[in-house]
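Just the one chain here, laid out as structure tokens, in the form predicted on its own.
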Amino acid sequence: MSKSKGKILFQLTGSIACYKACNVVSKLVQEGFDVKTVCSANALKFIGKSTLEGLTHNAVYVDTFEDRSALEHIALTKWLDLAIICPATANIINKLAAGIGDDYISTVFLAFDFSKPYLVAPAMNQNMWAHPATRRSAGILAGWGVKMLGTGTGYQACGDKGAGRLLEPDAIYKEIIKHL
């Protein structure tokens, strides 16, 4: 068995862009990274746990109160070399900036050691991305040391055209490599 190139905690929130995130996860594993995933309950409305388990060969973390998971959010922050939320909805960006820790992703964030890289890849409707609360929250997170990745511009699932699309998988992969 070959040595891992690095340990990545890949966190997914509820967005149609989860399908793009799976492409990034697959590429990371193929390139020799050890990837563990955390999903919000809403992310699992777009993709299944089986998909991520098949891609990573690791269990998917969803509920902080599952058996043997009570302290796993702490253990994961110690294990990882880099954390990323991809796709990151307006909800999670605003929640993290407010310091709310009521699910797996937000408790991992509150336990995070910011000497390691933490990336956020936004994905949402153009109006949600432009909303003053989301813009303020993105600024707060950046001020705390979170690397806010840009967004793509173009056709959105709702039919709108504009900023807010998840970056393409290759661009996200390159950002991860750059920050490791």
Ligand SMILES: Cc1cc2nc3c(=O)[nH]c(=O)nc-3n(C[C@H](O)[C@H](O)[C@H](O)COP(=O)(O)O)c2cc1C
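Note that residue numbering follows the sequence shown and begins at 1. The model shown is predicted, which means the values in this text are computed figures rather than measured ones.
Here the subject shifts to the form predicted in complex with the named molecule, a form of this protein not shown in this document.
query: Residues in which of 117 to 125, 23 to 31, 140 to 148, 47 to 55 have heavy atoms within 4.5 Å of the named molecule in the predicted complex?
result: Heavy atoms within 4.5 Å of the named molecule in the predicted complex occur in 117 to 125.
task: Answer with yes or no whether Leu82 is in contact with the named molecule in the predicted complex, where contact means some heavy atom within 4.5 Å.
output: Because no heavy atom of Leu82 falls inside 4.5 Å of the named molecule in the predicted complex, the answer is no.
* Check whether Ala90 has any heavy atom within 4.5 Å of a heavy atom of the named molecule in the predicted complex, and answer yes or no. => Flag for Ala90 set to yes.
Contact label in the predicted complex: Gly14 to the named molecule, heavy atom within 4.5 Å:
Contact check for Gly14: yes, within 4.5 Å of the named molecule in the predicted complex.
Taking the shortest heavy atom distance, is Thr64 within 4.5 Å of the named molecule in the predicted complex?
-> No, no contact at 4.5 Å.
Q.
Suppose contact means any heavy atom within 4.5 Å; which members of 37 to 66 contact the named molecule in the predicted complex?
A. Contacts from 37 to 66: Ser40, Asn42, Ala43, Phe46.
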